[in-house]
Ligand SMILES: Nc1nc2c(ncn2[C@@H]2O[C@H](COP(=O)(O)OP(=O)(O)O)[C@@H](O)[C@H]2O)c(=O)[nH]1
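Have a look below at one chain only, the form predicted alone, in C-alpha coordinates format.
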(Lines give C-alpha, C1' and ligand atoms only; values in the text may rest on other atoms or scores of the structure.)
Protein backbone atom coordinates (compact mmCIF):
# COMPACT_ATOMS: atom_id res chain seq x y z
CA UNK A 1 0.00 0.00 0.00
CA UNK A 2 1.49 3.32 -1.05
CA UNK A 3 1.37 6.39 1.16
CA UNK A 4 1.61 9.95 -0.09
CA UNK A 5 4.59 12.02 0.96
CA UNK A 6 2.69 14.01 3.57
CA UNK A 7 1.87 10.84 5.51
CA UNK A 8 4.96 8.74 4.82
CA UNK A 9 6.65 9.78 8.08
CA UNK A 10 3.70 8.40 10.04
CA UNK A 11 3.93 4.92 8.57
CA UNK A 12 7.36 3.37 8.37
CA UNK A 13 9.05 0.13 9.29
CA UNK A 14 11.43 0.91 12.13
CA UNK A 15 12.86 -2.54 12.76
CA UNK A 16 12.75 -6.16 11.73
CA UNK A 17 13.90 -9.35 13.39
CA UNK A 18 17.00 -10.99 11.93
CA UNK A 19 15.10 -14.29 12.13
CA UNK A 20 12.75 -13.26 9.35
CA UNK A 21 14.15 -15.78 6.88
CA UNK A 22 13.84 -19.27 8.33
CA UNK A 23 15.44 -22.12 6.39
CA UNK A 24 13.28 -25.22 6.19
CA UNK A 25 15.15 -26.80 3.27
CA UNK A 26 16.19 -29.72 5.46
CA UNK A 27 12.50 -30.42 6.22
CA UNK A 28 11.08 -30.24 2.73
CA UNK A 29 8.11 -32.42 3.63
CA UNK A 30 7.08 -30.15 6.52
CA UNK A 31 5.64 -26.65 6.33
CA UNK A 32 5.12 -24.98 9.71
CA UNK A 33 1.99 -22.99 10.37
CA UNK A 34 2.76 -19.28 10.23
CA UNK A 35 0.68 -16.77 12.19
CA UNK A 36 0.62 -13.02 11.77
CA UNK A 37 -0.54 -11.11 14.86
CA UNK A 38 -1.02 -7.36 15.00
CA UNK A 39 -0.04 -6.10 18.46
CA UNK A 40 -0.66 -2.56 19.74
CA UNK A 41 1.75 -0.83 22.13
CA UNK A 42 -0.07 2.12 23.69
CA UNK A 43 0.12 4.41 26.71
CA UNK A 44 0.95 7.96 27.74
CA UNK A 45 3.72 9.98 26.15
CA UNK A 46 7.20 9.21 27.51
CA UNK A 47 6.38 5.88 29.19
CA UNK A 48 9.00 4.00 27.17
CA UNK A 49 6.91 2.29 24.48
CA UNK A 50 9.53 2.74 21.76
CA UNK A 51 12.32 1.64 24.12
CA UNK A 52 10.44 -1.55 24.97
CA UNK A 53 9.97 -2.39 21.30
CA UNK A 54 13.63 -1.65 20.46
CA UNK A 55 14.77 -3.84 23.34
CA UNK A 56 12.41 -6.69 22.42
CA UNK A 57 13.17 -6.71 18.70
CA UNK A 58 16.84 -5.67 18.57
CA UNK A 59 18.10 -6.11 22.15
CA UNK A 60 19.02 -2.45 21.99
CA UNK A 61 18.49 0.45 24.38
CA UNK A 62 19.16 4.17 24.05
CA UNK A 63 18.40 7.09 26.33
CA UNK A 64 17.75 9.26 23.29
CA UNK A 65 14.51 8.79 21.35
CA UNK A 66 12.38 11.38 19.67
CA UNK A 67 8.69 11.26 20.50
CA UNK A 68 6.77 8.97 18.16
CA UNK A 69 4.52 10.86 15.76
CA UNK A 70 1.41 8.96 14.72
CA UNK A 71 2.46 5.32 14.54
CA UNK A 72 5.60 3.32 13.83
CA UNK A 73 5.92 -0.38 13.07
CA UNK A 74 8.29 -3.16 14.07
CA UNK A 75 8.39 -6.86 13.20
CA UNK A 76 9.40 -9.68 15.51
CA UNK A 77 9.53 -13.29 14.33
CA UNK A 78 9.22 -16.09 16.89
CA UNK A 79 9.94 -19.75 16.32
CA UNK A 80 7.16 -20.54 18.77
CA UNK A 81 7.39 -24.33 18.66
CA UNK A 82 8.29 -27.10 16.20
CA UNK A 83 5.04 -26.57 14.32
CA UNK A 84 4.51 -22.81 14.49
CA UNK A 85 6.10 -19.53 13.50
CA UNK A 86 4.56 -16.38 14.96
CA UNK A 87 5.14 -13.01 13.34
CA UNK A 88 4.34 -10.06 15.57
CA UNK A 89 3.60 -6.77 13.87
CA UNK A 90 4.14 -4.30 16.70
CA UNK A 91 2.37 -0.96 16.33
CA UNK A 92 4.05 1.78 18.36
CA UNK A 93 1.27 4.35 18.75
CA UNK A 94 2.10 7.84 19.99
CA UNK A 95 0.85 8.77 23.46
CA UNK A 96 -0.80 11.94 22.25
CA UNK A 97 -2.91 9.97 19.75
CA UNK A 98 -5.40 8.61 22.29
CA UNK A 99 -8.27 10.90 21.38
CA UNK A 100 -7.34 11.30 17.71
CA UNK A 101 -9.68 10.17 14.97
CA UNK A 102 -6.98 7.91 13.53
CA UNK A 103 -6.78 5.56 16.52
CA UNK A 104 -9.75 3.52 15.31
CA UNK A 105 -7.85 2.93 12.06
CA UNK A 106 -4.65 2.10 13.95
CA UNK A 107 -6.45 -0.37 16.22
CA UNK A 108 -8.29 -2.18 13.42
CA UNK A 109 -7.66 -5.97 13.27
CA UNK A 110 -5.37 -5.97 16.33
CA UNK A 111 -5.33 -9.29 18.20
CA UNK A 112 -3.52 -8.14 21.33
CA UNK A 113 -2.12 -5.09 23.08
CA UNK A 114 0.34 -3.79 25.65
CA UNK A 115 -0.58 -0.73 27.69
CA UNK A 116 2.51 0.92 29.18
CA UNK A 117 2.88 3.28 32.13
CA UNK A 118 5.89 4.78 33.89
CA UNK A 119 6.32 3.62 37.50
CA UNK A 120 8.00 6.93 38.39
CA UNK A 121 5.03 9.02 37.17
CA UNK A 122 1.73 8.09 38.88
CA UNK A 123 -0.21 10.26 36.41
CA UNK A 124 0.66 7.81 33.63
CA UNK A 125 -0.88 5.00 35.69
CA UNK A 126 -3.99 7.11 36.29
CA UNK A 127 -4.44 7.27 32.51
CA UNK A 128 -4.29 3.48 32.07
CA UNK A 129 -8.04 2.98 32.57
CA UNK A 130 -8.83 5.52 29.85
CA UNK A 131 -6.43 3.78 27.47
CA UNK A 132 -8.02 0.42 28.23
CA UNK A 133 -11.55 1.76 27.80
CA UNK A 134 -10.60 3.38 24.51
CA UNK A 135 -8.99 0.14 23.32
CA UNK A 136 -12.02 -1.97 24.24
CA UNK A 137 -14.37 0.50 22.55
CA UNK A 138 -12.48 0.40 19.26
CA UNK A 139 -11.37 -3.22 18.83
CA UNK A 140 -12.61 -6.57 20.11
CA UNK A 141 -12.57 -10.27 19.34
CA UNK A 142 -15.12 -11.77 16.98
CA UNK A 143 -17.40 -12.65 19.90
CA UNK A 144 -17.30 -9.07 21.20
CA UNK A 145 -15.01 -9.74 24.17
CA UNK A 146 -11.87 -7.60 24.73
CA UNK A 147 -8.67 -8.58 22.98
CA UNK A 148 -5.90 -9.85 25.29
CA UNK A 149 -4.06 -6.95 26.89
CA UNK A 150 -1.00 -7.00 29.15
CA UNK A 151 -0.17 -4.04 31.40
CA UNK A 152 3.52 -3.04 31.56
CA UNK A 153 4.77 -1.12 34.60
CA UNK A 154 7.86 0.23 32.88
CA UNK A 155 11.10 1.75 34.20
CA UNK A 156 11.10 -0.57 37.22
CA UNK A 157 14.88 0.00 37.53
CA UNK A 158 13.98 3.39 39.04
CA UNK A 159 12.16 4.37 42.25
CA UNK A 160 8.50 3.35 42.01
CA UNK A 161 5.63 5.54 43.13
CA UNK A 162 1.95 4.83 43.73
CA UNK A 163 -0.10 1.64 43.52
CA UNK A 164 2.59 -0.29 41.67
CA UNK A 165 4.31 -0.79 45.03
CA UNK A 166 1.50 -3.15 46.07
CA UNK A 167 1.34 -6.43 44.15
CA UNK A 168 -2.05 -7.27 45.66
CA UNK A 169 -3.57 -3.94 44.59
CA UNK A 170 -2.12 -4.26 41.10
CA UNK A 171 -3.51 -7.79 40.79
CA UNK A 172 -6.95 -6.53 41.79
CA UNK A 173 -6.72 -3.56 39.44
CA UNK A 174 -5.87 -5.82 36.50
CA UNK A 175 -8.68 -8.21 37.35
CA UNK A 176 -11.21 -5.38 37.53
CA UNK A 177 -10.09 -3.91 34.22
CA UNK A 178 -9.77 -7.22 32.36
CA UNK A 179 -6.02 -7.25 31.79
CA UNK A 180 -4.58 -10.67 30.94
CA UNK A 181 -1.56 -10.00 33.18
CA UNK A 182 0.82 -7.29 34.35
CA UNK A 183 4.60 -7.13 34.53
CA UNK A 184 7.18 -4.76 35.94
CA UNK A 185 9.49 -4.06 33.01
CA UNK A 186 12.66 -2.17 32.25
CA UNK A 187 13.81 -1.58 28.69
CA UNK A 188 17.13 -0.32 30.05
CA UNK A 189 17.87 -3.44 32.10
CA UNK A 190 15.86 -5.85 29.89
CA UNK A 191 13.53 -6.95 32.68
CA UNK A 192 10.48 -9.14 31.95
CA UNK A 193 9.88 -7.86 28.40
CA UNK A 194 10.24 -11.30 26.83
CA UNK A 195 8.07 -12.82 29.58
CA UNK A 196 5.30 -10.29 28.96
CA UNK A 197 5.40 -10.94 25.22
CA UNK A 198 5.24 -14.71 25.70
CA UNK A 199 2.21 -14.32 27.96
CA UNK A 200 0.41 -12.16 25.40
CA UNK A 201 1.21 -14.44 22.45
CA UNK A 202 0.16 -17.53 24.40
CA UNK A 203 -3.19 -15.90 25.20
CA UNK A 204 -3.74 -14.94 21.55
CA UNK A 205 -2.90 -18.46 20.39
CA UNK A 206 -5.29 -19.87 22.96
CA UNK A 207 -8.04 -17.60 21.70
CA UNK A 208 -7.48 -18.65 18.09
CA UNK A 209 -8.84 -22.09 18.96
CA UNK A 210 -12.31 -20.62 18.33
CA UNK A 211 -11.32 -19.40 14.87
CA UNK A 212 -10.74 -21.18 11.58
CA UNK A 213 -8.35 -20.09 8.80
CA UNK A 214 -9.83 -17.39 6.58
CA UNK A 215 -7.03 -17.77 4.08
CA UNK A 216 -3.83 -19.78 3.90
CA UNK A 217 -0.78 -19.15 1.75
CA UNK A 218 2.55 -20.92 2.20
CA UNK A 219 1.70 -21.94 5.73
CA UNK A 220 0.45 -18.50 6.78
CA UNK A 221 -2.93 -18.36 8.49
CA UNK A 222 -4.94 -15.20 8.98
CA UNK A 223 -7.51 -15.73 11.68
CA UNK A 224 -10.59 -13.57 11.45
CA UNK A 225 -13.61 -15.80 11.18
CA UNK A 226 -15.40 -17.57 14.04
CA UNK A 227 -16.31 -21.22 13.65
CA UNK A 228 -20.01 -21.61 13.00
CA UNK A 229 -22.05 -24.31 14.74
CA UNK A 230 -22.05 -26.43 11.58
CA UNK A 231 -18.27 -26.08 11.27
CA UNK A 232 -17.79 -27.29 14.85
CA UNK A 233 -19.93 -30.34 14.21
CA UNK A 234 -18.18 -31.33 11.00
CA UNK A 235 -14.68 -31.08 12.46
CA UNK A 236 -15.55 -33.47 15.29
CA UNK A 237 -15.05 -30.97 18.10
CA UNK A 238 -18.67 -30.42 18.97
CA UNK A 239 -19.17 -30.45 22.75
CA UNK A 240 -22.93 -30.91 22.64
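Numbering follows the first chain given and starts at 1. Treat the numbers as computed from the prediction; the structure is a model and nothing was measured.
What comes next is about the form predicted in complex with this ligand, which does not appear here.
Put simply, of 136, 126, 142, 157 only one has a heavy atom within 4.5 Å of this ligand in the predicted complex, and it is 157. Residue 62 is the only one of 62, 178, 31, 59 with a heavy atom lying within 4.5 Å of this ligand in the predicted complex.
Residue contact check for residue 201: none of its heavy atoms lie within 4.5 Å of this ligand in the predicted complex.
Using a 4.5 Å cutoff between non-hydrogen atoms, residue 188 counts as a contact of this ligand in the predicted complex. In the predicted complex, none of the heavy atoms of residue 174 sits within 4.5 Å of a heavy atom of this ligand. In the predicted complex, at least one heavy atom of residue 45 sits within 4.5 Å of this ligand. Contact annotation: this ligand lies within 4.5 Å of heavy atoms from the stretch 149-157 in the predicted complex, the single such stretch among 103-111, 149-157, 163-171, 72-80. Taking a 4.5 Å heavy atom cutoff to this ligand in the predicted complex, none of the residues in 108-145 make contact.
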